[in-house]
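Quick heads-up: it's one chain on its own, the form predicted on its own, in structure tokens.
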């Protein structure tokens, strides 16, 4: 395990402990929980797009599959531990199968985006058309456009009557996001992560070096889907209902905007972009004078024109520039004092 990752983990956990207690003073924990869930969803796309070079227009497909997998299994099992695991495994398995067909089929990036978009549309149409009583999985009715309500929400493992909700659910979501962030950091620092970044830069060169780029892309795609599925399972617990709207194209577009605004190619950027824009959307939802879609589109245009790297890279560059100037001044002053002392 790299020492740099251990050092970063300590810093991340220390900052997280400060934020987890400080944020509720500004925003209620119910709203914070959904912002954390969206942050995890943004990170899932940021991983495969920013570090793997795989632009997926259908990340909501895995988000929705995770939510539905949780709801259906929770109704049949009556407890939340296995359903939450299923919310990770089902989207991961679906993405692994889908990714293998796409990457081993040598599809170009444009076609990858189109296929992921089409799969999301198919899932949306299918789930929407399951209102009939014949669409049942065990004891769970899919419900069509009405969705699936009334399932078992998150509970302490082995104790179905002890629910994790309110402030406890907020702490759980915060811990889950920190764990996922640290695991992503570890993955990117490993040989697998470095090779994935190399594939993003030059797929053909990495293939000529002997790496199976198709298999590695498939694995990375499945990991991103697993993270999105976990976010979907947590969303199901937060909303206490799952509907076909989870597969909507509007949600897919928003995730892409989150990554661009926050900073593509960074781990923190998609999280900040998702949380900030989702909270802005929440605030805009309290008024009816301006259309939310118009505001989101305007934000995207402004960032593409004036801040193309995103929030986190811009702050990082500003930080490096300011400290770089200070270091240069210190060096010059030290040289000056040496000259004076030698003279």
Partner chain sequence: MDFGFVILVEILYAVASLALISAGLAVVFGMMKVINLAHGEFMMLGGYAAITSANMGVNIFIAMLIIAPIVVGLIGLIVERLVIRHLYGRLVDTMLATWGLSLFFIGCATMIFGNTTTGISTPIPGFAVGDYQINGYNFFIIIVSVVLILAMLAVLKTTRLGLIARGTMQNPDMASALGYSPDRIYMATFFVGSALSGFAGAILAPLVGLVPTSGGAFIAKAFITVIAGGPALISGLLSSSALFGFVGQVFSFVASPVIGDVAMLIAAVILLRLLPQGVTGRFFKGKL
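Numbering follows the first chain given and starts at 1. Remember, it's a predicted structure, so these values are computed and weren't measured experimentally.
Only in words, not in the display: the form predicted in complex with its partner chain, which the text now covers.
No member of the trio 10, 27 and 194 reaches its partner chain in the predicted complex with any non-hydrogen atom inside 4.5 Å. In the predicted complex, residue 186 stays away from its partner chain, with no heavy atom inside 4.5 Å. Within 4.5 Å of any heavy atom of its partner chain in the predicted complex lies no heavy atom of residue 314. For the chain shown alone, residue 260 is a contact residue for its partner chain in the predicted complex, at least one non-hydrogen atom being within 4.5 angstroms. Although the partner is absent from this view, residue 300 contacts its partner chain in the predicted complex, with a non-hydrogen atom inside 4.5 angstroms.
This chain is drawn without its partner chain; in the predicted complex, the residue among 75, 82, 156, 253 with a heavy atom within 4.5 Å of it is 253.
The partner is absent here, but in the predicted complex a heavy atom of 110, alone among 134, 208, 110, 179, sits within 4.5 Å of its partner chain. Just one listed stretch, out of 237-245, 111-119, 147-155, 199-207, contacts its partner chain in the predicted complex at the 4.5 Å heavy atom level, and that stretch is 111-119. Interface residues of 72-98, taken as those with a heavy atom within 4.5 Å of its partner chain in the predicted complex (partner not displayed), are absent.
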